[in-house]
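Only one chain is given next, in structure tokens, and it is the form predicted on its own.
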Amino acid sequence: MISTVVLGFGNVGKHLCLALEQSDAAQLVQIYNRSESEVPESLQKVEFIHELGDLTRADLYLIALPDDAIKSFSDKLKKHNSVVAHTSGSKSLEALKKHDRAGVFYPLQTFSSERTMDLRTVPICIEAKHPEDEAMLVQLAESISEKVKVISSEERKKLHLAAVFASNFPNHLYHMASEILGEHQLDFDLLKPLIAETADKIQSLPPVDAQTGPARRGDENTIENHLHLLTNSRFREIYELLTHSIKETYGKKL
């Protein structure tokens, strides 16, 4: 069993703790969080601490904190013969350079505290300084996920960038769509079947083949009507930018 301490109990840390507690390869021995937090019933038996001085010895210390806090937090940890790994998609191993045995344990998913998540379907990306530590992190990842891949820091940065385009930006567009509908007392639920079908299509079609809409068809009348309806200048600017990009992608006349 890989004795593990999770450092941070935010969205990522909480979901990892829940998964590790069910793992047959891990022993979740401690959870650190600076502030008090509501602990799910399944984690009640795990020691919960608020001071770094109370850390117990473990095989792995898993830092699940915001990207900008990783290096400074890592520097506060005592050097020892355990593996220290972070869960960031954008930070390299250099963020943990104080530690001789450093690694990355990056779950590629969007996490929200309000939703439960089955990590078995979530890709986990692994990196480590040493082969034996990489093997340990892979073993741990495979105990909670069916999709484990070893990739470098540079590859992971590119993957994280693509993830922002694939998840964060579309979600912001959902928010904009909700605002447009709200202005006219229309329910956002009307769009949910469309959103679900759009996401489902790319399971069987490349995104470039799944594209539809007025920009893809070159339907200038509809585009002009949409622009006329957009009273919010920021929304109009984004509509024009995305329309321009789609037209360029499919060779439509600009």
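Numbers for residues come from their place in the sequence shown, where the first is 1. As the structure is a prediction and not an experimental result, all values here were calculated from the model.
Just so it is clear, the following notes concern the form predicted together with another copy of the chain, a form of the same protein that is not shown.
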query: Any non-hydrogen atom of Thr198 within 4.5 angstroms of another copy of the chain in the predicted bound form; finding: yes
query: Contact test in the predicted bound form: Phe48 vs another copy of the chain, heavy atoms, 4.5 Å; finding: no
query: In the predicted bound form, Arg57 touching another copy of the chain (heavy atom, 4.5 Å); finding: no
query: 4.5 Å heavy atom contact, Leu190 to another copy of the chain in the predicted bound form; finding: yes
query: Every residue of Ala163, Met176 and Gly213 near another copy of the chain in the predicted bound form, heavy atom within 4.5 Å; finding: yes
query: Stretch from 163-171, 129-137, 78-86, 94-102 whose residues place a heavy atom within 4.5 Å of another copy of the chain in the predicted bound form; finding: 163-171
query: Residues of 226-240 having any heavy atom within 4.5 Å of another copy of the chain in the predicted bound form, listed in sequence order; finding: His226, Leu229, Leu230, Arg234, Phe235, Glu237, Ile238, Tyr239
